[in-house]
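The chain below stands alone, shown as structure tokens; this is the form predicted on its own.
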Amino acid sequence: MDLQVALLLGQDGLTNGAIYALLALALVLVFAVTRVVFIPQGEFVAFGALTLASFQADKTPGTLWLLLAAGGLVSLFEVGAALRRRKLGLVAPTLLWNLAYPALAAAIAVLGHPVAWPLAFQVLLSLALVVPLGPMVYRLAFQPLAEASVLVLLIVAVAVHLVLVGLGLLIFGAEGSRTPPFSEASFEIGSIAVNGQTVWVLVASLVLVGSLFVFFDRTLRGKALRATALNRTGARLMGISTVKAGKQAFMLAALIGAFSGVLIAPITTIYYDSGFLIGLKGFVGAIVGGLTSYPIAAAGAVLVGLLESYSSFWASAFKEVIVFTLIIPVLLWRSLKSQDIDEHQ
């Protein structure tokens, strides 16, 4: 391996690592707020990429029908709960978000002819269809079990992953899709050519991470999520709704996942089940951070990307094994340092 090859592999590793870092941050956020190891995180990556590809192929994306169905189920449960508790004021907001919004998004997607839109508007519409699925998944699968043990929540997360993979096959089919690059530009840095899509991925990832930092540090909702992550019982005593915090955490995770899928769609062909492996590599980064530290999780995810890139050169047949083996010494080290904690905090 000469220097030029090493730099090219490093470029690919940083690009992949930036995506894994975003997913690692989402996984840490969801676990900190809800104690859910969000195995289906990768499905939102695939749904985001395939929804954008559907628009660009002048097809109606299957996520539209999934959003309508999920919204209908959530409305049924929420309206029933509101009527039982005699809180009729909650009925209108529930129907507005879970029925009117999906119907409006469906009308725009079907009648608006998105294939003729600029790329930025196609991306926004894709996110508008995929992101609301996050809190809907939380309401249907995890909210009724919010006080269950971490193990029970993990089992439910695996079940949700299997359901979403099956639905992905149903609504998108087995064929893979790939979108055109955001930019055809190429930059020369020394003897290394850096393509425009790599720059897009790195810059967009940094912008999203910066936006999340501002959200958590400067906004009331962000501080409420931080409080819930630190101590669920204390947050409830201070009047913070852990139910709303869980929905917001899942919405942010869905946003990060769908946005990551949009970024990598021009780089690699995405299939209905491609998100699982991508999400697992983000999970390795999150484990490095102990599912608690955002900076360490992001650094661990970048390390995963670099390790994967260089492993593909030295032992391409075993690159996945090498990447996932990284989790063993990390878990061993953390188990030796661990202390008993109350998982219901």
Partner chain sequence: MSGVAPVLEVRDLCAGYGRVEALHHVDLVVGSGQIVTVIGANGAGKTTLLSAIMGLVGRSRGSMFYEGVDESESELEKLVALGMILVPEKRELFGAMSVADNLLLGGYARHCQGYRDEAKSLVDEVFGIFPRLRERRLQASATLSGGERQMLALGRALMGKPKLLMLDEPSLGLAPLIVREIFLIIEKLRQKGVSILLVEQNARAALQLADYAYVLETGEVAMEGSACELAADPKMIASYLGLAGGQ
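Each form is matched to the other, and the largest set of C-alpha atoms that superpose within 1.5 Å is called the rigid core. Positions refer to the first chain, counted from 1. Treat the numbers as computed from the prediction; the structure is a model and nothing was measured.
Below, we turn to the form predicted in complex with the partner chain, even though it does not appear here.
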(request) Answer with yes or no whether Ala224 is in contact with the partner chain in the model of the complex, where contact means some heavy atom within 4.5 Å. (result) yes
(message) With the partner left out here, check for me: in the model of the complex, does some heavy atom of Pro118 sit within 4.5 Å of the partner chain?
(response) no
(request) Spell out, yes or no, whether the shortest heavy atom distance between Thr233 and the partner chain in the model of the complex is within 4.5 Å. (result) yes
(message) So in the model of the complex, is the partner chain close enough to Ile240 to count as touching (4.5 Å, heavy atoms)?
(response) yes
(message) Only one of these stretches, 101-109, 252-260, 214-222, 192-200, has heavy atoms within 4.5 Å of the partner chain in the model of the complex; which one is it?
(response) 214-222
(request) Enumerate the residues of 47-69 that have a non-hydrogen atom within 4.5 Å of the partner chain in the model of the complex, in sequence order, or give none. (result) none
(request) Using a rigid core alignment, state whether the CA of His113 is displaced by 2 Å or more between the shown form and the other one. (result) no
